[in-house]
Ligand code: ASP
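Just the one chain here, laid out as structure tokens, in the form predicted on its own.
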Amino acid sequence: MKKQLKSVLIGCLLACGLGQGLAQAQTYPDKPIILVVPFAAGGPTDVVARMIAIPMGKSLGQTVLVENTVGAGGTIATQRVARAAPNGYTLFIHHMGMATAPALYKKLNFDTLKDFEYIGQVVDVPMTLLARKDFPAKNFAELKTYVQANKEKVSMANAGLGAVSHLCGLLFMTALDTTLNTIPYKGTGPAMNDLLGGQVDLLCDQTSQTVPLIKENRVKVYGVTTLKRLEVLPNVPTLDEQGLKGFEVKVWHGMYAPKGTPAPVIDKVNVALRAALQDPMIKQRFKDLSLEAPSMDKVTPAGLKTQLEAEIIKWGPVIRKAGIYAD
């Protein structure tokens, strides 16, 4: 008898919870939605967020307001969203830092896998491996030989500890089984300025920043970090096809909500995200900025979850082997 009552009670609770979720989804959204960005205004993640916020707002019938919460490599914003009310009015866009944070930070006040609901992937930003214009190596084969013979002399800039440019450089060094003189900067802007000025030798940076410089012949490019050549740089081979098998680094972005946000609400946001990514104006903006929209099978909760899990597995060993930690 007790077991029967317990089963009935559990069934009622589940039914009530589902009913509340459905009721909330029917009225959602009835006020503006906040899309939290963990980096400063004007940066690549902020630019993407502001682009998709407008068409998403149109689909949802409410304004999507972008709010920048900066600091600690994005972890301040991530913690804020993890603790926000799970009602669909706080959404979150973050790049691959969601996957690197567990290895990079000794202590986090959130769990990237357990404290969020997944909405879908948003965009991929490929990387390029560059050198100063007068660097001796003429091609990638010469680059490999040169850096392995002169590793103490070769400098590789990055945008700071744990930045994507830093991780790309670490993966490059791991692939060549060598260690270069890494030089951290406060952002890719200063790093690129010194590369252009000839003060540093190498840099991994996003295509949204590097394509114009490559086309203007202001830097040397040795390869792109995707498994297929880029439409915007058809004559630049991938690092994979040049011998670094499986070398792939993309600044992928995903959209999340606090854990416990009702599934019907997540479904509504996902539909709006998918519609935004298929908007002709957004497609053109992405093309202009050398950004890549993911395939629609990845613009799903399952697609984003799979991506995050795979990237945690990929980057954890690289970060731990390098012995880098952030406060």
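Note that residue numbering follows the sequence shown and begins at 1. In this text, the rigid core denotes the largest set of C-alpha atoms whose superposition between the two forms falls within 1.5 Å. Everything quoted here is computed from the prediction, not taken from an experiment.
Below, we turn to the form predicted together with ligand ASP, even though it does not appear here.
- Using a 4.5 Å cutoff between non-hydrogen atoms, Val154 does not count as a contact of ligand ASP in the predicted complex.
- Taking non-hydrogen atoms only, Thr75 never approaches ligand ASP to within 4.5 angstroms in the predicted complex.
- When contacts are judged by a 4.5 Å heavy atom cut-off, Gly187 counts as touching ligand ASP in the predicted complex.
- By the criterion of a heavy atom within 4.5 Å, Thr226 is excluded from the residues contacting ligand ASP in the predicted complex.
- Candidate site formed by Thr100, Leu104 and Trp252: none of these residues places a non-hydrogen atom within 4.5 angstroms of ligand ASP in the predicted complex.
- Residues of just one listed stretch (56 to 64, 37 to 45, 292 to 300, 263 to 271) have heavy atoms within 4.5 Å of ligand ASP in the predicted complex: 37 to 45.
- Put simply, of Val81, Val125, Leu180, Val164 only one has a heavy atom within 4.5 Å of ligand ASP in the predicted complex, and it is Val164.
- The contact with ligand ASP in the predicted complex, taken as any heavy atom within 4.5 Å, belongs to Gln206 out of Thr90, Gln121, Thr112, Gln206.
- For the stretch 87 to 112, the set of residues having any non-hydrogen atom within 4.5 angstroms of ligand ASP in the predicted complex comprises only His95.
- With the core held fixed, the Cα of Lys186 is displaced between the shown form and the other one by 2 Å or more.
- Once the cores line up, the CA of Met127 ends up 2 angstroms or more apart between the shown form and the other one.
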